[in-house]
Each structure stands twice: as structure tokens, then as C-alpha cells.
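Presented as C-alpha cells, the chain that follows is alone, the form predicted alone.
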Amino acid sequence: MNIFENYKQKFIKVLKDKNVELFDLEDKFLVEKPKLEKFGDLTFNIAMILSTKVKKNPYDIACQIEEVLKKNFKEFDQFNVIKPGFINFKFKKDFWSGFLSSLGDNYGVPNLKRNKILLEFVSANPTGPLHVGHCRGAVYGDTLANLLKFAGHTVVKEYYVNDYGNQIDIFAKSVYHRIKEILHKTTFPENKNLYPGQYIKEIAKDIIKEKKINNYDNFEKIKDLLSKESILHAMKLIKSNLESIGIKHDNFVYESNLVKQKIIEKVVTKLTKENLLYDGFLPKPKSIKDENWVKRKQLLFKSSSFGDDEDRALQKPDGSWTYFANDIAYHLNKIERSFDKYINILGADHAGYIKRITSSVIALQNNIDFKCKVTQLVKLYKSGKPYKMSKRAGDFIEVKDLISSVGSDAVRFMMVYRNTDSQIDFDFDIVTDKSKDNPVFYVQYASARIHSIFRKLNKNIEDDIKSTNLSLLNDKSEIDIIKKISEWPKVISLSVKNLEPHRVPYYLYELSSLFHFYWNLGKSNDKLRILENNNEDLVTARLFLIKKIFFVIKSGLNILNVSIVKEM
């Protein structure tokens, strides 16, 4: 039960029954938690919204509505209106015990339309293992998938493999020169376009061992097979890196297969029928400094008609397809598989790509539910010093190296602890610290302490706790915990609606902090000791409360795919 949405609907029903004109503005009404505790438990913004419609003082409107609601809701012991026009409510103490007893197994799952969602994330070029630069998008995408599944949606997790084009030729050539270096002691070329990393040597060794290629004298003769084998081994590395952090995709779609299926030609046919392609000229790219650069006619897509900054090329001057053309083909492939929603997770370096890909998707299918989310950079710090990464030079930190240093739980928790719009400073010293400053430790410690309580009583935490008088939970610390538990469904609803899973770990940290505070109160106040109490009914009521705390923590950690710790 989402207590905030529940009371919004209750308030609206009463007002409609009393013939209060709402002008179809219900979607803009909000029932929320007040910013300050002194204002109560709920705040209603209806007067602020109605005032813009009826041109009256919101405070006067709020006072009138308050009088109507006072007569119909006896569970509140305080009503008050705060300028400029917020209506605030405070529940009676006994409300919270009744609320706690009503929580069922599906608590937190929003009442939403269930959709089939295609979620594409990571999709790093298959030219080497995943590094920390990919890690945030990977964890964000996987956590978002878990969150959407928790809300009842069907989610397909997909990885698009860019295994076609010039970059793959360079990658294969890099492997080729490493093989020559191993077999014939030749020197690896000092070519900035090649990938010289240690992982290239490992791929080369594996390909030599498999003996699928017998002669390495001529690169051009073996290029196709060597490219295929190099990509195969690179994808093994990538999948291994992903598995080390608990991520498994449902689908891997290969660009080369889309090219073979001539889906780009289908795109051209479709867009041509819609009069969205033309032969034209693009301005000189800012990245090109050559004064002898000459404009050449290209096949262009009218992406500016759909909100992009300019039209985009589908073909290069030499007639070959652009990367963008292949990307449109991939999105047509997605659309043909008929999902209700499509979500792309992109890295910070792809933020400028959103307008053009969105314009192409809308051109392929109008009114499509398509969203792109961008994850900002992650900066690693240790002992006050940053790590620097450079994939092409081979001087980078792989995901597996990060996992081996701090563990999967810390990485998964902290990579989604901030909104994707914000940069993350990943501090090794903090994530390995066993204190309140380390959020993942503090949440897992709450789980361990809860389990210890049940162990001391020789009880199974999964067993039902019945015949309990929850009205005995009347200390402020206990009421505060129940109030925090009441926020869980709204956290989930907002996270799902805005594709913001960072709300989950942040909420878990807040709930865990309240529990630790409650635990520590018992050290100084015998009446608040959770177990050492002569009142058996009170002990049972507190066990019921603690079990509900654990239920929410468990749900949240499952969404994050972080371990539920039973002892520390």
C-alpha cells in the first residue's frame, strides 16, 4: 500500500462527493511527506494547484478544503494549513500499529500496468575487456532491470555487439601482430591506431592454442576468420567481467548479422517512402582541420525534422554505410520484435548521440515509448590519488580488478548510490571502511544484526509472527521506523516512473540508520531493549517490527543484487 497515493485518492473522492470542483487537475495533486517533521506526516498541495485555475489565494482555498477533510478523516489528530497553502496532517499514534499489521507479501509492488520492456545496456565495443568506465552503466542497467521486474514488468536485457567496420579490422590487426610477435619474435608496430594492451596478448595466445588458423603469413587472407575468433574471445572476456559483477544479458545482437540480413536496406526503403531521405551536403566536421577538405554528396536522413540539431549521413562519400545507419537498422530490428517500451543506457561520451538516435526511432515508428538514459563518469580514488584509464593504451582498470579489490557488493551498491546525472567519486577507502560512512556496510550490518536477534531466540526469521499487540510499539523511535517503512512503496513508484534506482540504496541506508539508532537506544534505556524485557507481548511486537524492517531491506538488496548478510 502506497500510503501517499492511497490518501491522495481518498481525499479526492471525499472532495468530489462534496461537489468540490477539481477541474480535472487530479494528476497534478500530490500527497507527500512534509520536509520538516514538525509539519506532520502528510502534506497535500491541492490548494496550490487549484489557485492557478480559480485565481484565488491558495491559503483561503486550503482552509476551506481543510474543513471538509476534517469532518471525514478521524485517523488524524492534527490538521493545519501552512502558507502559502499546504494542508498538513498528523496521524494518531494508533494508526501506525494498524498500518504495520496490514503489510502483506507484495508490499512495495506498485499497482501499474505491466509492460514488456527491452532494455539495452553496456554494448561496449568488442575490442577488449570491460573497464571501470563501463561499470556504472552496466550496474545501473542491471539494477534498473531488477527494479522493473520487481514492479511486475517483463524485461529483456540486451547487449548490442558492434562487430562490424573499421574498428574491428584494427582490432583483428592488433591480434595478428601479437600472434606474429609470439610465433616469430617480430616487434609489435608502434602504431597509435592499434590496441597494444596485455589482453590482446592473451587473446593471441588463445587463438594460437585453438589452431583454427594454420598460417599467419598474410593478414588479408585470414582477416575474416581472425576477426571472428578475436571477437569471440573478446566477448568471452566481456561476459566474464559482467558475470563477476552478477550481470547476465538475455540477448546478444551482433551488428554483422544485421548487415547480412540487409536490415539497413529495409531502413532505407522505409524512410524513403516517408520522404525522409535525400542526397545532400553536410558542413565540414569541426574535428577535421584539413584545409583541402571537399564537400561531397551523401545520403542524408532528415533527423532535424524530429528535434535533432542537423540532418545526419547514412552513407559515407565512398558509399559505405555509416555507424549511424547500422544503429538505425538495429533499432528497426528492436521495433520489429514488438515491445511496449524501449530503454537505452548510454555512457557519458554518448550524450550527444541521443537526439539523432531518438529522431530515427520516432521516424521508424511514431508514438513509440523510447527513452535514453546517460550515466555520468566514475572517478576512482585511493589514498587521495585518482586512477587514470586509457583503453587503447591498455592502461586501464578492468571491472574484474575492481571487484577483486572491494567486492561485487560494494561496487553494485555504490555505482547506483547517486543519480545518473551526477558524477560518482568511488573512494576505495570509504567502500572498504566498516563504519556508518560506508553505506553498503551499514545496510548489510543492519541485516546481520536483525538475524542475530532471531538467532538468540532460536527463531527463523522467515516464520510468521502472530498474536501480537502492535499498539505497544509507541516509542518515538519505533513510530519513526514504521513511518520510514511507509515510504517504501513511494520510493519504488518514483524509481520506476523516473528510471531512478538510486533511490533504493539511499532509502535502505536511511532505514538502516533508524534501525541502528533503535538498537543503540537499548544500551542506555532498559525499556527499549529489544529482547531483554519481561513483557513477552512487547518483545513479540518488536520482533514483528524488526521482521518488517528486514523484509524491506531484503527486497531492496535483491533489487540491487547485493548480498543479504546474516552475520558479520
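Heads up: residue numbers just count along the shown sequence, starting at 1. Model, not experiment: these values are computed from the prediction.
FYI, the form predicted in complex with the RNA isn't displayed, but the following is about it.
A heavy atom within 4.5 Å of the RNA in the predicted complex is found for exactly one of Ser471, Ser256, Thr322, Ser477: Thr322. Of the candidates Leu380, Ile368, Met235, Ala313, Ala313 is the one whose heavy atoms come within 4.5 Å of the RNA in the predicted complex; the others do not. For the chain shown alone, Trp96 is not a contact residue for the RNA in the predicted complex, no non-hydrogen atom being within 4.5 angstroms. By the criterion of a heavy atom within 4.5 Å, Tyr278 is excluded from the residues contacting the RNA in the predicted complex. Interface residue remark: Ala363 is not counted as part of the site for the RNA in the predicted complex, having no heavy atom within 4.5 Å.
Remark: Asp340 does not count among the residues lining the RNA in the predicted complex, judged by a heavy atom distance of 4.5 Å or less. Judged by heavy atoms within 4.5 Å of the RNA in the predicted complex, the contact stretch among the candidates 143-151, 78-86, 241-249, 461-469 is 78-86. Using a 4.5 Å heavy atom cutoff, Lys38, Gln298 and Gln376 all lie near the RNA in the predicted complex. Within 4.5 angstroms of the RNA in the predicted complex, the stretch 470-495 places a non-hydrogen atom from each of Lys490, Leu494, taken in sequence order.
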